[in-house]
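This text opens with one protein chain seen in two forms, each one given by itself as structure tokens under the names structure 1 and structure 2.
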Structure 1
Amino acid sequence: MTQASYSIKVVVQQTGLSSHVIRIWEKRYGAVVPLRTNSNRRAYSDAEIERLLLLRDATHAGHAIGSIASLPNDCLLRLIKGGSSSTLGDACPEEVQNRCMVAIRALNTRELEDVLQLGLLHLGQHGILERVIGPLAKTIGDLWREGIITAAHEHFASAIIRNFLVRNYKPFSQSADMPTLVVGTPAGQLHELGAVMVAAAANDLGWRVIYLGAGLPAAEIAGAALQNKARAVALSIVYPTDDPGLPEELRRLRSHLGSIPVIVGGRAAVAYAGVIEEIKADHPATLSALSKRLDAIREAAERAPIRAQGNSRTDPQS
């Protein structure tokens, strides 16, 4: 059975949306992906019309299209029905992200804290970190760079999320055999949300985390790692993407650390891919990949106790 298809003129009549809005939602946000006829005209299905109706109603309810365009239909239905932040029911991670963005746009501290806390209850520590806060941080950065939200929104969100992570991701009971991870951002990198997320993820995996904060010189990061016999150092690089001094900082860090593994993440890290490869550092693209790398480092450490680190010239990936 073939699926019915409709011209954009028919979709305009059925949804009440203008053709301009429909095209913007398609091109900019990927809200729908219509087929093309032989004459290259758009052909919409019943399912796409249904989705456009849901998106229309959700935007009329006050939700920004950029925050909801990727939500599944069941999440859109819950938004339209006006589910409050006091209950998330069987909320999907995308819905939690959307409610967080609504609170961020409104600079509503209480709302953002409440939604994060409820998301934690429903998704657990690992779930909210990987499935909500990680994608949310990327969305916030993208919207800020595009000028859709202001620097005030970005700083507000970072501060609230940082406090939430610090409050809820307390280290487990420390023991002498727990591996140590030093976390921070290198000199010139003052955005620390990514580093806090790494610290929270490592805590969740049973690492002893020494969190150094933002903007430290290579010598100080290395000193903390060597003094505490760290198994690895994790850095977050978020902004800017063109710091001329950062490559040399990373080279100095490698020189000081010797064989200690270095992990470099953050949305700006790809801009420094050359030097990251040069110093043989890891560059996990997601929190899930970070977790796997930390597990691998821990397993390797359990097989081979720390020997001469510091200025050792052995392979840093070992």
Structure 2
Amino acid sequence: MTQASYSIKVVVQQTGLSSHVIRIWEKRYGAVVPLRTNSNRRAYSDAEIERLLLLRDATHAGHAIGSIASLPNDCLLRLIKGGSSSTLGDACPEEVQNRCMVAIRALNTRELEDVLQLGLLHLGQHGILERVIGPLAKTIGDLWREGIITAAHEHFASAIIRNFLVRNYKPFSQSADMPTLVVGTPAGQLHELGAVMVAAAANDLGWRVIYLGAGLPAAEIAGAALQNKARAVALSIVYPTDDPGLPEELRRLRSHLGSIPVIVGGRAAVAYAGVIEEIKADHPATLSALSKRLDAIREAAERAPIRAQGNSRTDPQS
């Protein structure tokens, strides 16, 4: 069995590391020592490329290469993911949340980023998502409704939190058999923070996420899901709570999607409980519940890999 081997050129392309760095890491720290060809060229295996990716992410996350180069892969993974959640108890989520709100009201980009980063360090990935960003989204929504902060604050916070999540929730090494999840908010819903959180959580759970952002008509959400054979669709509904058009929009979505599971989350979901029930959508109350639900869907799908639903037209592209 001739295992495929890759030249350093290919490794550079795949990792984004320079050949210099790859070589010096090998020389100084023995981070990845590939086999050699007869002519002394380095020949990397898939596993070695994977390890280089882990090292890249770990160093990018602030760890010194010299102190992590000899760690086994699973330790690296823990470093990159929520691993360092040794939960230094001295930073309670409320404190982090408060400081976030101060930074948001001051429109202070740097402060907000710093506080989030600090919170990540102390609370771990799960912690900051569930105990800071989640409540924060709720608070922002409330204050905005009361006119205490403006849409600018809301947009500002959304953008930075989104960036924060993007930067820190690195996509897992994508493999072909990952299930696909389409995430967005339906037409009329303009707050995308909830959707961003769902996307981050699902990504963390090993889903391939197609993030569509805010305010899309049902037909387009459904089109995206069908086009990519999505395993599920997740919507976030925060405000307004009394949109008369939304129930019809949800029904339309269901009729397009056939039997694909739909998950509806967010503060205002209770206000539409009737329709949600009607279209047989899930409504997890917390992020943990959402995670459980996603796991369940994936497991069910793995048990019955080919979806034999009567999906007549796969491409409703006009």
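Superpose the two forms; the largest set of C-alphas matching within 1.5 Å is the rigid core. Residue numbering: structure 1 sequence, from 1. Please read all numbers here as calculations on a predicted model, not as lab measurements.
Here are two forms of the same chain; which is the form predicted together with the DNA?
Structure 2 is the matching one, since it is the form predicted together with the DNA.
Align both forms on the core first, then report whether Asp242 has a C-alpha shift of 2 Å or more between structure 1 and structure 2.
Asp242 C-alpha, core-superposed: shift of less than 2 Å.
Is there a C-alpha shift of 2 Å or more at Val21 between structure 1 and structure 2 once the rigid core is superposed?
After core superposition, the C-alpha of Val21 moves 2 Å or more between structure 1 and structure 2.
Relative to the superposed rigid core, does the CA atom of Glu154 travel 2 Å or more between structure 1 and structure 2?
The answer is yes, as the C-alpha of Glu154 shifts between structure 1 and structure 2 by 2 Å or more after core alignment.
Core-aligned, what does the C-alpha of Leu54 shift between structure 1 and structure 2, expressed in angstrom?
Taking the core as reference, the C-alpha of Leu54 is shifted 44.1 Å.
Give the C-alpha shift of Arg105 between structure 1 and structure 2, in Å, after superposing the two forms on their rigid core.
Its C-alpha shift, to one decimal, is 4.1 Å.
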